[in-house]
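Single chain ahead, by itself, as structure tokens, in the form predicted on its own.
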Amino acid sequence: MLEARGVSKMFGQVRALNDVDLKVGPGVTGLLGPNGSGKSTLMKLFAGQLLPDEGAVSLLGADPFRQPTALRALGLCPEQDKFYEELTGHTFVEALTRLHGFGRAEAKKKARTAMDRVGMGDYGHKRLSEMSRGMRQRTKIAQAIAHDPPIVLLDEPLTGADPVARADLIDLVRGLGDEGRCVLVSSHVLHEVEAMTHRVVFIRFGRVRAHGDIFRLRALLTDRPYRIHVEVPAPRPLAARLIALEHVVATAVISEGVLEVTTLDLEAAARDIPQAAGALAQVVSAFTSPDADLESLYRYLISAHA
């Protein structure tokens, strides 16, 4: 639904994107990378706000810059606020929905539906100038989805939202993906992206470093073993049994009742550790890995190459 083919973009002497090839389909995809990596530039190219210096981008097979009608399929929530401050939230979303070609009555109905969906139904009468940052963020998302687009671009959509609003918006983003929309989300908050999706794109210095399912990408890093923390009543006998396994590199008792197992194969460890504990008549009360989540993958692919 979104595609970039050999895309490069320069700003003066700075190459913001360098030969990017990427395809994004239905569902939610997280776009991750440090500041200046090219995330917002890629978003603006997909939104038809910038023209690539090399290569091409497409929305549903159409060029958003040369075929403006393609933008009817797109909803955009930009990182920065650009509001008509004197308008109410409902009026603002209605006005932008009318720009997509809807009549007054239909645009008004769609605007109210979208404001209700983002939790702003009771606050849409407030002027934008009077809204909190979190309310303004919700209103931005409402205008991006009011016209029911199949493609939604969300650039830092949770900025300024309080914890309750963040949880609500995460559910909203997941729901948009479950409806079959293509949702591309750019964010710096890794655990929130992980709550939305397990499909991610890592970008660094304007190049795509990796993209795909978090767990499949992590499994490809064969030179990076997994640490697993296992809580059992007696960790030392379990450590002695596990160290004999081929995929186990090391074991260490790190605190009372907690064993750290270093393995090359997380799936095998998840199978073998409970079996070994059961053979010792022990019950595993907790099984966690600090090396199998999005934060660890980001650390290996991005931070380690800073």
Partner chain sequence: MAEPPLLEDRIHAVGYRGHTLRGRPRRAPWPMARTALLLAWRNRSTKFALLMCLAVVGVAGVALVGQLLFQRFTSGSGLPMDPASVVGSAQEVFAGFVRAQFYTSAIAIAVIAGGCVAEDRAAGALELYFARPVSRLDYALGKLLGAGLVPTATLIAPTLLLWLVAVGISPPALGAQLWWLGVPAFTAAALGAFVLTTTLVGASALGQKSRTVSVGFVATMLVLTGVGEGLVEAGQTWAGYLVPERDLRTVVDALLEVGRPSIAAQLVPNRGVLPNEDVAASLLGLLVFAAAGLGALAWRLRQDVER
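Worth saying up front: this structure is predicted, and the values here are computed from it rather than measured. Numbering follows the first chain given and starts at 1.
One more form of this protein, predicted together with the partner chain, exists but is not displayed; see below.
- When the partner chain is considered in the model of the complex, Leu60 lines it closely, a heavy atom lying within 4.5 Å.
- Under a 4.5 angstroms non-hydrogen atom cutoff, the partner chain in the model of the complex has Gln49 among its neighbouring residues.
- Proximity of His247 to the partner chain in the model of the complex falls outside the 4.5 Å heavy atom cutoff.
- Residue contact with the partner chain in the model of the complex: Gly278 places no heavy atom within 4.5 Å of it.
- With respect to the partner chain in the model of the complex, the three residues Gly27, Lys82 and Asp213 uniformly fall within 4.5 angstroms at the level of their nearest heavy atom.
- Residue in contact with the partner chain in the model of the complex (any heavy atom within 4.5 Å), chosen from Val253, Ile243, Ala70, Ala268: Ala70.
- A heavy atom within 4.5 Å of the partner chain in the model of the complex is found for exactly one of Arg133, Arg236, His191, Arg104: Arg104.
- Note that among 255-263, 49-57, 31-39, 268-276, the stretch whose heavy atoms approach the partner chain to within 4.5 Å in the model of the complex is 49-57.
- Scanning 253-271 for heavy atoms within 4.5 Å of the partner chain in the model of the complex gives no residues at all.
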